[in-house]
Ligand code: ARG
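Single chain ahead, by itself, as structure tokens, in the form predicted on its own.
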Amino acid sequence: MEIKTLIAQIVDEAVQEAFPGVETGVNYEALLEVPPDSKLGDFAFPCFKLSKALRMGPPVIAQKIAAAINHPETCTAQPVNGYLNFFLNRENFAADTLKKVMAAPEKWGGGQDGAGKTVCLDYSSINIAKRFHIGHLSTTMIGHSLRRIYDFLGWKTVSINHLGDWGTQFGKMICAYKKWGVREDVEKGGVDEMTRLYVRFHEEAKEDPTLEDEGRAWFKKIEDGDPEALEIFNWFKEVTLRDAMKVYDILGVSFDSYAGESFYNDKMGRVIDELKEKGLLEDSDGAKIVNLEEYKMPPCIIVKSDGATIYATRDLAAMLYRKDTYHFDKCLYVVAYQQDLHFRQCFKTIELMGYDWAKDLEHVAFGMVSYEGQTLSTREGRVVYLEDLLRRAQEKALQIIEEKNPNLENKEEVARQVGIGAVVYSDLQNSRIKDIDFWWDRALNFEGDTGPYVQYTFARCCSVLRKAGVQTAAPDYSALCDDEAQYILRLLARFPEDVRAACRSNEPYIITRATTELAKAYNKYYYEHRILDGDEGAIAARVQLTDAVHCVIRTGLYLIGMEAPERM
């Protein structure tokens, strides 16, 4: 149990003993504070909040509660001016925390909370025949991190890359390829060559509008299952995924399913039929819609006036398919906040269809990404391709390593870990809904709230452990009663709750912040205490503390999708 929770429980029991039969209606844990000066205690409870329920002054309440507390193995309580100040039994707290962490260090913070449950995660969802750019970073890394967090807590995870592989543009691409393309050029040039052909199509179509009709005709062939059209279409997908895999491999990201929009082309009939049967489908100027005016939303268009379906139809089909196939307990959509209305419409439509699992569908929204103060715009040429960004990150990290530690072994490998980690950290260091402005000098800084800083702290822990060697003496936990060590211990004890909070809110940044705070606390401890000096028992205790920090930082980095280099 996290120490704050345990103290809140002690307060609750003491209140019940001191004031039997009185219901205070107070959340004791929420009211616990950390005093600005450790001389005032490790935690403090303000008794003012109980005055109304107990009908007496805070100083008297504090004295009565203190008299009812008898937990010397955990803490002592002192009443001071209406506050109840708690002083931990620091030695016991150190021993208890470290023994728990080191019992299974790789699993500390994890659990079986989600045992027997399944979560589907829809993220990254790249577009066929388009390069992977920095705008895809957030959906990819938030989704990847959430997958690891849910896994760590015992959930069965199903990661889905819902490919954008449907629409008239693919007919236009086939038309362009048939007129001007060479198979060997596409194989060699990949997405860049397909993009060149697509751009040429639009340039040529300005002079010859009949090309647009040819493009639509080729897309109709895809819809109708024409063998040649499908062969080229599927080949385009293979080439795109081959290019995308280079980026996914660099990031350590993988998926269980690449079923995109086209996969649901033959599954939309069920959606339309069910909506008709349940009286939810209405005519509106030739289109078929679900009226959501009662819920203060525009209608959810199911079939356009020209008879074509849209991505809402395919998303509804995907929701039904995923429930039938994976029997999920949660289905998360890691998609930019601009799609909020779309998902609210789809979720409400599923609810109106009578499916109570609509409540298990969740849009995990995130903000916009800009690059060094510039918003991204494909039309204006302000595009930062992710493969280029990651390559440059590694090059810059290598330059820094050459300056700071030119004799480091495996410099290129460490530069890869640090450079990629810097990009990932910058994406996951704040609440996902906040916009991100990526700057090189911030991302690759070795000081402050950055990926390299946390990785360097991990490497520092590894260095201390190498120097310490195997400890044979029994740890003397009285050596860990100073404020710096106790703060580290509190962060270690709190880590399991941080993981669960990240899972509950689908916010990886909670783990990023917790890991960064632990790194800062350890660096402060490192500078103020001589870890390998003193008697053997004290050294053993400080080394065990270092080992615990090293294990938890590694776990934290792993959960947000970063690697932990042992030397930097």
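On a predicted model such as this, the values are computed, not experimentally measured, just so you know. Start at 1 with the first residue shown and count on from there.
Same protein, other form: the form predicted together with the ligand, not shown, and the subject of what follows.
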**Message:** Only one of 487-495, 123-131, 206-214, 221-229 has heavy atoms within 4.5 Å of the ligand in the predicted bound form; I'd like to know which.
**Reply:** 123-131
**Item:** the ligand contact in the predicted bound form: Ala443, any heavy atom under 4.5 Å
**Value:** no
**Message:** Taking the ligand as it sits in the predicted bound form, is Tyr333 near enough to touch it, meaning that at least one heavy atom pair lies within 4.5 angstroms?
**Reply:** yes
**Prompt:** Counting only non-hydrogen atoms and a 4.5 angstroms cut-off, does Gln339 reach the ligand in the predicted bound form?
**Reply:** yes
**Message:** Can you work out whether Arg147 and the ligand are in contact in the predicted bound form, taking contact to mean some heavy atom pair no more than 4.5 Å apart?
**Reply:** no
**Message:** Between Arg432, Lys172, His136, Lys288, only one gets a heavy atom within 4.5 angstroms of the ligand in the predicted bound form; which residue is that?
**Reply:** His136
**Prompt:** Which of Phe343, Tyr258, Tyr198, Tyr326 has a heavy atom within 4.5 Å of the ligand in the predicted bound form?
**Reply:** Phe343
**Prompt:** With the partner left out here, if you bring back the ligand in the predicted bound form, are His162, Tyr311 and Asp315 all within 4.5 Å of it by some heavy atom?
**Reply:** yes
